[in-house]
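Shown next as structure tokens: one chain only, the form predicted on its own.
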Amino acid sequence: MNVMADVTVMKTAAETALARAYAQARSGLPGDGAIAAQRQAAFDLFAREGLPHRRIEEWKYTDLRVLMREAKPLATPPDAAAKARAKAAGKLLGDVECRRLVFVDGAFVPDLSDLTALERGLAVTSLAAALADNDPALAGHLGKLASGSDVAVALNTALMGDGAVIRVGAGSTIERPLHLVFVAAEKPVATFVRSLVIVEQGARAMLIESHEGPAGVDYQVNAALELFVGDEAHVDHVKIISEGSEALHVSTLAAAIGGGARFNGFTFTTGGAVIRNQLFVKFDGEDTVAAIRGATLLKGKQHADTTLVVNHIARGCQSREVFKAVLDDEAHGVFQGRIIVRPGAQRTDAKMMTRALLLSERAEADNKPELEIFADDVQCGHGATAGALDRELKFYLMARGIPPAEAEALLIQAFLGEAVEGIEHAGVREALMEVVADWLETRSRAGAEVEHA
């Protein structure tokens, strides 16, 4: 006789807290009707699956059930003090002139944002306002890309509170970069921000996201951006993750690129205790060109996971993916990259490379590039390397009178330069290289202090 036993899946403290937070917040979250149904379906997925863990291949190296011991309470609207502190946010870009849209603890702050004299063809609002007003742009776009079976995205959909909704009209050129500044206040809370950007046919725009917060505060961020790039449009997207030292940051970019378009994406990661950055990019139209790059600087016990899926659906598209990581102390860097060439996507030209530079014997790099090819007329390739600084190159520089620490810094800057140089905007490119230089100088000072101790 066969006896079927009921199996009860044990919920972690974080999973239980997230379920409680959704139950308490559901009635007050913006949006009704179809949006409310979308939220419920997303939460139901989370309720079934729980937090992603190592037995899920895509999350093998970033087990949130282990890394996320507790779920912080949902953030409340920022007070005057939090807004005052946020005035200085987004300064990593130096003197780069941008149109700033500022969010504090996930809530849009018009007083700190620049909404005056919008360029012709540019429309900007907050997600909360768009949901409250039943903005027709949401019905055809929100949730169309950032959906599916990813639990991190499902949680974002269920609990999304605010974010940016940006539309760039057909044929418009937006001269100033649009800078979404996400700032965490000095409270251990959780924020769920969702942004939607629609760049119509033939338009051109640059979008910058920066995420930052205070050191020593264990706040949590779940951010998602859905990006629609129309035919023959040109879009540059730069994401800067400079969270506080104790922060947990999970973010997702889901992008659909139209035919004949050009897309440049760059991710720069320096801050946070645990970072998971997901990029899902699909080519919906023929003859599209995309360059997707990233640079990561980690130290201490930081953990950063970049997971990328490039989905070639249409014919004749070209993509280049280059990701560099510099890992010091006991840092752990992860890169999972997958190029998929669908049936019918003939004449695809796709190449992926990831390299990790280990500055410490205790640092760890896991690189996993993959190809899935279902067409026969393609040019595809991938590669991965991990290793220490080249001693011969360092000796070459030292033999010419350059001190050891400076020689190392020059080699590291050159290593990261291949990725950073792909940014078309000169001011942004130079500002990020300044951040690299500051990181290296801090590392050099810390090393000097250890030697003199």
Partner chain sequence: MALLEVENLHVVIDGKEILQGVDLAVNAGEVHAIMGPNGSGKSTLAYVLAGKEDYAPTAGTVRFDGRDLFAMAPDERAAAGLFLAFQYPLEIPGVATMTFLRTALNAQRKKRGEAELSTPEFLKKVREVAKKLGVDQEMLRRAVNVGFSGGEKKRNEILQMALFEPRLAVLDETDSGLDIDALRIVADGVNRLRSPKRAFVVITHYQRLLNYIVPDVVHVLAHGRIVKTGDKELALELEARGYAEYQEEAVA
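Here the structure is a predicted model, which is why all the values come from computation and not from measurement. Positions refer to the first chain, counted from 1.
Separately, the form predicted in complex with its partner chain exists; it is not shown, and the next lines address it.
In the predicted complex, Ala41 stays away from its partner chain, with no heavy atom inside 4.5 Å. Mapping the unseen interface onto this chain, Glu57 falls outside it, with no heavy atom inside 4.5 Å of its partner chain in the predicted complex. The shortest heavy atom separation between Pro404 and its partner chain in the predicted complex is within 4.5 Å. Remark: Ile35 does not count among the residues lining its partner chain in the predicted complex, judged by a heavy atom distance of 4.5 Å or less. With the partner removed from view, the residue among Met398, Val66, Ala426, Ala388 that has a non-hydrogen atom within 4.5 Å of its partner chain in the predicted complex turns out to be Met398. Though its partner chain is absent from this view, in the predicted complex it lies within 4.5 Å of a heavy atom of just one residue from Leu45, Ala384, Leu410, Leu29, which is Leu410. Taking its partner chain as it sits in the predicted complex, the stretch 324-342 never comes within 4.5 angstroms of it through any non-hydrogen atom.
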